[in-house]
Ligand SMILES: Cc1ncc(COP(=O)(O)O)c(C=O)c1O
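Single chain ahead, written as structure tokens, the form predicted alone.
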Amino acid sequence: MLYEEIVDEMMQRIERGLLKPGNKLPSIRNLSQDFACSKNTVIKAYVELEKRHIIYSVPQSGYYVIEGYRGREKLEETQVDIDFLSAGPDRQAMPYRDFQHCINQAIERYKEEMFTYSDVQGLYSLRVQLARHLQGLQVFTVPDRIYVVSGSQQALHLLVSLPFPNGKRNICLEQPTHAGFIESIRQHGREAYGIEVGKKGIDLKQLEELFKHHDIKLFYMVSRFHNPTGYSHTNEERRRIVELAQQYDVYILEDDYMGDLDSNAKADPMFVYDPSGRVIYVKSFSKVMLPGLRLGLAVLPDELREAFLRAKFAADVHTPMLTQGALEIYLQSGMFKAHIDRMRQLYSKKAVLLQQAYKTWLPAAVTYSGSLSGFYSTIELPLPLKAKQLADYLKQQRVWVDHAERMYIPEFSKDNVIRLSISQVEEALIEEGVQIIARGITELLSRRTEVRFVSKGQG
């Protein structure tokens, strides 16, 4: 068909470097004349190239080659890499086109409002939509208690520094945990007390002792799809933790960064067990949507309102209005719900494949964690093998993993844990990647055995 010829011709121009990233494509009128075809045929060809994420359109301007498009040859060179390191959403599933439409709609709807200073707390109409969205996560609140932030990390960072009504100072956190939160504690000079997340969750008796004796201001935790282990607490665990917080006047900072991916309708956030303000609820749109948007929210008690708004204003005045307006439309239109339904299916399938590969290929001396989120899991290596040593070895095999040392505070330090994220790994490569990891563990352990044997023989 003629439109396919146009697609092939444009692809060849891009591959040969005649059209470079950022360059404008020939106009629809000129191309229809060159190919002696209708304008609709050219438009069909350009729409097909858009679907392949090779070009994009700018209203009233034309079509352009996407920045960062690397061409067929370079893509083929990198296809052998297996990336268990990157932790963003699946690149093939990010809703670029839908969100571009929402950005255009936001500009039309709000015009100059999108480009002026606005409410520190966030666009009110967006907060209305967020309140409705949160109901599906069993978080029932009002727009006045919702604060739009530049990624959930901003909310976490600000809350570490603020004085709390309980007058306490120290932080309790799961171990291991999100490295960004540990860095926030360091930056603010707060004292941190850790509690280990094991295969069966956390030791509630130990948690009670920490709450009772260590002047704990807040307990930071990820109640489902924990980073980095992937663990999800049971409803009973969550209820009991809230009871301990109430008993010892501790606030809970619940990071529900991937709650949208939870397909278990019976799983409750911590917020359900105390919506009065004892549980501060924070969520992000980064892991499930487009990380570069830097959009998140916090549900805060009224007693933190003034202090938080002052801190937020000092940090960045307010979260960018254009992305706020676009998110409002994205939620209101139903696009987000349709996107999340796809993401749940995609990530849960990947998670099952990963767990099957673990069971099949990992050596018996290795322990591993995992969940159905399709994002994070950990592998704990048998001593004396080091995570960094394995990561360096795997780089040579073009397999990328993250060693988890920075996710521990000093008292809980471990250097034999790697974190895997499968969000950006193709399904067909998951098992192959685990096989390579398993071979690496076996080979590095055998090398150490040989070294010890030779050393003893020489002695």
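Residue numbers here begin at 1 and follow the sequence given. Keep in mind the model is a prediction, meaning the values are calculated, not measured.
The following text describes the form predicted together with the ligand, which does not appear among the structures shown.
Query raised in the report: Using heavy atoms and a 4.5 Å limit, would one call residue 153 a contact residue for the ligand in the predicted complex?
Result: Residue 153: contacts the ligand in the predicted complex.
Report task. State yes or no: in the predicted complex, is some non-hydrogen atom of residue 330 no more than 4.5 angstroms from a non-hydrogen atom of the ligand? Result -> Because no heavy atom of residue 330 falls inside 4.5 Å of the ligand in the predicted complex, the answer is no.
**Report entry** Heavy atom of residue 378 within 4.5 Å of the ligand in the predicted complex
**Finding:** Close contact is absent here: in the predicted complex, residue 378 is far from the ligand, nothing within 4.5 Å, heavy atoms only.
Query - 4.5 angstroms heavy atom contact with the ligand in the predicted complex for residue 284 - result: The answer is yes: residue 284 has a heavy atom within 4.5 Å of the ligand.
Query raised in the report: Looking at 289, 102, 222, 252, which is the one with a non-hydrogen atom within 4.5 Å of the ligand in the predicted complex?
Result: Among 289, 102, 222, 252, a heavy atom within 4.5 Å of the ligand in the predicted complex occurs only for 222.
Query raised in the report: Among 178, 233, 339, 145, which has at least one heavy atom within 4.5 Å of the ligand in the predicted complex?
Result: By the 4.5 Å heavy-atom cutoff, the listed residue in contact is 178.
Report task. Would you confirm whether the three residues 227, 257 and 294 all fall within 4.5 Å of the ligand in the predicted complex, going by non-hydrogen atoms? Result -> Yes, the whole trio is in contact, each within 4.5 Å by some heavy atom.
**Report entry** in the predicted complex, segment of 380-388, 360-368, 145-153, 105-113 with a heavy atom within 4.5 Å of the ligand
**Finding:** Checking each option against the 4.5 Å cut-off leaves 145-153.
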